[in-house]
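In structure tokens, the next block holds one chain alone, the form predicted on its own.
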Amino acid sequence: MTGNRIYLTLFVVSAVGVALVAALLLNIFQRKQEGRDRFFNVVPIARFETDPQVWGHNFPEQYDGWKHTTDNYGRTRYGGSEQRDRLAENPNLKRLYAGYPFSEDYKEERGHGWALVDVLATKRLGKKKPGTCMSCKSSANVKLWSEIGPEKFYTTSMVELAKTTKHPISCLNCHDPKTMELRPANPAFLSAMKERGVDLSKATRQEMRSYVCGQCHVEYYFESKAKPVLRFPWKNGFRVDDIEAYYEALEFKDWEHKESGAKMIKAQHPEFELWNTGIHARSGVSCADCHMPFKRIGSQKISDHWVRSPLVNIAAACETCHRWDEKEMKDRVLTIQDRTKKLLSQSETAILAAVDAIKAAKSAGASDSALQEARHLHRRAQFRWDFMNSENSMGFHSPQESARLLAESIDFARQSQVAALKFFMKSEGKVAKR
């Protein structure tokens, strides 16, 4: 009996062992299969499907993340998801943008899910909003660009375009509905990259994880009021110096400053340009790596489609690469942002001093010719300040470049102030000679 019990025990143990190994192998097979199956075609997705909910049948996790872009997760120190009134927070902006709509209405942007609602609600665009202003606000744009062409899209009233538009920025803006591969669709981006000699068909997936963001989070301009074609000023490069040279060659201006009379450039939201000058871009880190970090769903690795500030998702956004705790990572970011904010404020003070000096000289009888140098320096100072004020990382995307630009802004502003004061020095000299 003792021998039989031994054999029986060995048989049971072996059977259990075989069952466990089989279960493990089955689990491994299933997990590998899950990882291999990138998506399931529950429903067909049309070539120009603008409704993210339809895409969500095949991509429920991604769709669930995207829906969170309407959530108000609160403020970060210099940003967040709350629609704050920037003019109320910083009254200097009214004078800095004097004569331009940003002096009347300037709200902090919210998440992608609010893009269409917010652009239609803004008072900044007036009653005659060109379709150009909707270029980065809706998934319907991709369909419209194909059906009516970019130029007709730009010249059609945004109010008219909005009548056939229901959905904000979503899946179709960034993905090919047939292959699901990332691809930018904005004609202005495609044109600008072609002009720079970049073959997008050869771009890596990692590059595309920034390009799809760079088709909207950029500096841009309209070709003219009569022809509001969207253009990106990248012919010479992405740095402010390159963009400024581009605008100078065109003799371009967005508006004439109401107080100083300078011909101004309004920077938009140049995240892509500033990121391009920073250490993360040089290290191959994409926009999506931080703002849409990977997460695990079973055996699948997907991008978190709740696009948001990395400061509210530090563990996933930062600690994949950086091996310090969340407090340390947050402190590093805030140190950079606090220093940038201080320089930004000093730049504002210097620019307004220049504006005051130009105004005083003009009131005292200075001609346009006498004020030409001061006004041009005002333009240069404010463009650098505005580049940083309108960019949404408060310097974090490229700390050294941010500090350089704001230092130059302060320098040009003080030069502008001195140039304006020269009028009084010359006037006093004439009086003294008499």
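From 1 onward, residues are counted along the sequence shown. The structure presented is a predicted model; accordingly, all values stated were derived computationally and were not measured.
The next section is about a form of this same protein that is not shown, the form predicted together with a small molecule.
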Check: Would D338, Q382 and I410 all count as contacting the small molecule in the predicted bound form, using a 4.5 Å heavy atom cut-off?
Finding: no
Checklist line | Candidate stretches 240 to 248, 152 to 160, 207 to 215, 347 to 355 - the one whose heavy atoms come within 4.5 Å of the small molecule in the predicted bound form | finding: 207 to 215
Check: Even though the small molecule is not shown here, does A267 get within 4.5 Å of it in the predicted bound form, heavy atoms only?
Finding: no
Check: Does Q372 reach the small molecule in the predicted bound form if we count a contact as any heavy atom within 4.5 Å?
Finding: no
Checklist line | Close approach of F387 to the small molecule in the predicted bound form, 4.5 Å, heavy atom | finding: no
Item checked: Contact flag, L230 vs the small molecule in the predicted bound form, heavy atom cut 4.5 Å -> no
Next item on the list: Counting non-hydrogen atoms within 4.5 angstroms of the small molecule in the predicted bound form, say which of F222, F252, Y100, Y73 makes the cut.
Entry: Y73
Checklist line | Heavy atom within 4.5 Å of the small molecule in the predicted bound form - the one residue of L182, L343, L144, L96 that qualifies | finding: L182
